[in-house]
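Form predicted alone, single chain, as structure tokens, below.
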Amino acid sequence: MRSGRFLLAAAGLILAVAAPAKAEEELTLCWAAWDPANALVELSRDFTAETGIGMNFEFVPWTNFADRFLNELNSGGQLCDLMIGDSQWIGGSATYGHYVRLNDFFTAEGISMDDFLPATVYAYSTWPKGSPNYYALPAMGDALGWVYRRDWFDRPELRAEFSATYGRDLEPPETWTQLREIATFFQGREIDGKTVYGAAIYTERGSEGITMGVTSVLYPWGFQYENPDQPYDMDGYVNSPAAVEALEFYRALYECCTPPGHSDAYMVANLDAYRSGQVAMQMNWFAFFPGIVKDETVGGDVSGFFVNPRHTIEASVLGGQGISVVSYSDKQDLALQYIQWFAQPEVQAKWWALGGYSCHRSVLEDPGFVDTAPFAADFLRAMSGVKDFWQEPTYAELLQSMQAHVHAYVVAGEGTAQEALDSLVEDWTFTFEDDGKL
């Protein structure tokens, strides 16, 4: 959702960055403080060089990102001319008039949404969903993936023991059953004189963490938010037998195979567990994988990557964001110039090269793309089957309900999976009734 994502910024990330030289005209772009934001600062120097328009950046740590910028939008603030907002914001921002509708601009400038990966257009740009009404340009593609200790998987003695136990080679898992077997195999094992554990998964309660983790299992089990023939009809879908089984699986994975105390973990906690050598595998957003590759401890050949495992289907949790023009800005004409510049194929290619995640098909469908990074092929595979959380204007209430119910079941061990999902349907039904959707 967004890698979307409430995360402690890594040390050294930018919180606010001024244009390198004073320009007569300037824009302020608002986003989260993380590695891709640093890449965007570097990329945007070219925009200033070409147009003479200076760029200021307001980057806020993920822990405060939603509160800070949703408050800015809801108050009609003029701090941000451009906003890279979470995918879930698109519904509310379109409905309440926070973002400029870009259709006429796209037509005038010859910007075609067909040039971007369809899943990213659907998730980051459109409201109502799937309609040809665009409120953002796909900016930062992302999905939930996995990192594993390739060096441990390659050890002959471990491979021999695993093969004797499970009757197959110790390789990156393709299914959730295989992942749990691998996590069980490593749980409590001693490697290089240190006790290690199976997997770092999302369990965080306060923002969106455990929802992102749980849906990484729900989606491959075929989970649907609603009846495809009757919007907002959720009973029998959200709480289906398959959904119950998936939620039970996630709780079992948490109980069997996570590090001690991993009960309120999201992105940073998983990164820390992996980089410190505690776990054989971690779930996390692809946006962090360039940092893994460069890490002095776990980079290079030490780590490998794989897509979210399948069950009945293959599916991944969507992250990433679109870039929008804020309707309260008095520099909309300049902001649109930035959108036009950013949409160019050559700019999108450099965006990927610097560490951003382009959504442009000219970049992603280039025959050489899969060789540009050790995780590039997995990123393409993940993005071909992504699903996102509700993007309704009431998404925050919907998210809070899911966080509460699944955390109580998975981490606190309260009640049953069926009861958790039944209660979730009740809460969501009330929210949609209150919003006039039911």
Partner chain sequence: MPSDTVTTLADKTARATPLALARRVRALSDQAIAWLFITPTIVLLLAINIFPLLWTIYLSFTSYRANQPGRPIRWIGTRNYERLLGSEDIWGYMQVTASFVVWTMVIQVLIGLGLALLINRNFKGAGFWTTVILIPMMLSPAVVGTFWTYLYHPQIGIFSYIVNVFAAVGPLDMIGSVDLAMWSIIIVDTWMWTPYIMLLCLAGLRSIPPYLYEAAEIDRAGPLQQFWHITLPRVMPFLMLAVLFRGIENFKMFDMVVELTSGGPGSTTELASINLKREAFEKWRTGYSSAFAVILFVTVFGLANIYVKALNRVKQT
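Remember, predicted model here, so these are calculated numbers, not experimental data. Residue numbers count along the first chain shown, from 1.
Separately, the form predicted together with its partner chain exists; it is not shown, and the next lines address it.
- Residue in contact with its partner chain in the predicted complex (any heavy atom within 4.5 Å), chosen from S131, T107, Q230, N71: N71.
- A heavy atom within 4.5 Å of its partner chain in the predicted complex is found for one listed residue only; from V60, I53, A408, A376, this is A408.
- The stretch in contact with its partner chain in the predicted complex, judged by heavy atoms within 4.5 Å, is 397-405, chosen from 32-40, 397-405, 380-388, 45-53.
- Within 4.5 Å of any heavy atom of its partner chain in the predicted complex lies no heavy atom of S329.
- None of the heavy atoms of K350 is located within 4.5 Å of its partner chain in the predicted complex.
- Although the partner is absent here, G355 sits far enough away that none of its heavy atoms falls within 4.5 Å of its partner chain in the predicted complex.
- Contact annotation for P259: at least one heavy atom lies within 4.5 Å of its partner chain in the predicted complex.
- Shown here without its partner chain, the chain has F430, T431, D434, D435 in 417-438 lying with a heavy atom within 4.5 Å of that partner in the predicted complex.
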